[in-house]
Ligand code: SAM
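Here we start with a single chain on its own, the form predicted on its own, put down as structure tokens.
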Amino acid sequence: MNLVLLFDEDLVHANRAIIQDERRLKHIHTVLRARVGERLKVGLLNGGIGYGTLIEISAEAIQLEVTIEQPAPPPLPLTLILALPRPKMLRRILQTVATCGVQELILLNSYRVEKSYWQTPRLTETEIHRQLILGLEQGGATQPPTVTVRKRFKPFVEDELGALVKGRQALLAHPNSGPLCPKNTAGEVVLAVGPEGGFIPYEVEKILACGFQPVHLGARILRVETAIPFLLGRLF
């Protein structure tokens, strides 16, 4: 936790916050080992960042005097379209996209996505939110990506994708296809990443028909959880 993220319900006054949930209390007590008078880096969800001075600390609650000094790191101008990964991988990827500053994440069905993946409790709104918060705390940011779910590939591509990419650079990360992923792009980007094994040829054809350019990361085939930060590092 590189940032103690505060929520509206924590604020008892404009500059006073009380933390009472077990996870943050445990971290401040056992990892940060904070004491009264110490300052912690804090941020307001969807707001700015600054510091919080510990006024009171106990096993049940921690009270902070909060000063917000500067804006949080802005999100990347990126919409990431991702074929739904395995549930265990999904947790890590949600944290990664929040840490890296992805602005929007669309979880999409694909032929190679197992039907059972859609039944995981890790797709609940509560669990998605929890993982995004962990990612924000790691990255020292406050603005989580919006996350939407599209369980039907063809209707999404035919009815929504064309409008989504209008006026944006659209890239399809696909092994051994097209040029190397570009570096240091300017402007808004829509990036599509398939499941393990990649999108099937039919899906690739449908995505390219919407104006996407295929790109790759070299001769090595990377796991999705490895490819995503690699792609973001090159693009931004």
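A residue's number is simply how far along the shown sequence it sits, counting from 1. All figures in this text were calculated on a predicted structure; none of them were measured in a lab.
One more form of this protein exists, namely the form predicted in complex with this ligand; it is left out here, but the text below deals with it.
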Location of this ligand contact in the model of the complex, chosen stretch of 205-213, 172-180, 45-53, 32-40 [non-hydrogen atom, 4.5 Å]
172-180
Please state whether all three residues 84, 87 and 113 have a non-hydrogen atom within 4.5 angstroms of this ligand in the model of the complex.
no
Using a 4.5 angstroms cut-off on non-hydrogen atoms, would residue 221 count as touching this ligand in the model of the complex?
yes
Is it the case that residue 193, even though its partner is missing from this view, gets within 4.5 Å of this ligand in the model of the complex, heavy atoms only?
yes
Indicate whether this ligand has at least one heavy atom within 4.5 Å of a heavy atom of residue 25 in the model of the complex.
no
Even though the partner isn't displayed, in the model of the complex is residue 19 close enough to this ligand, meaning a heavy atom within 4.5 Å?
no
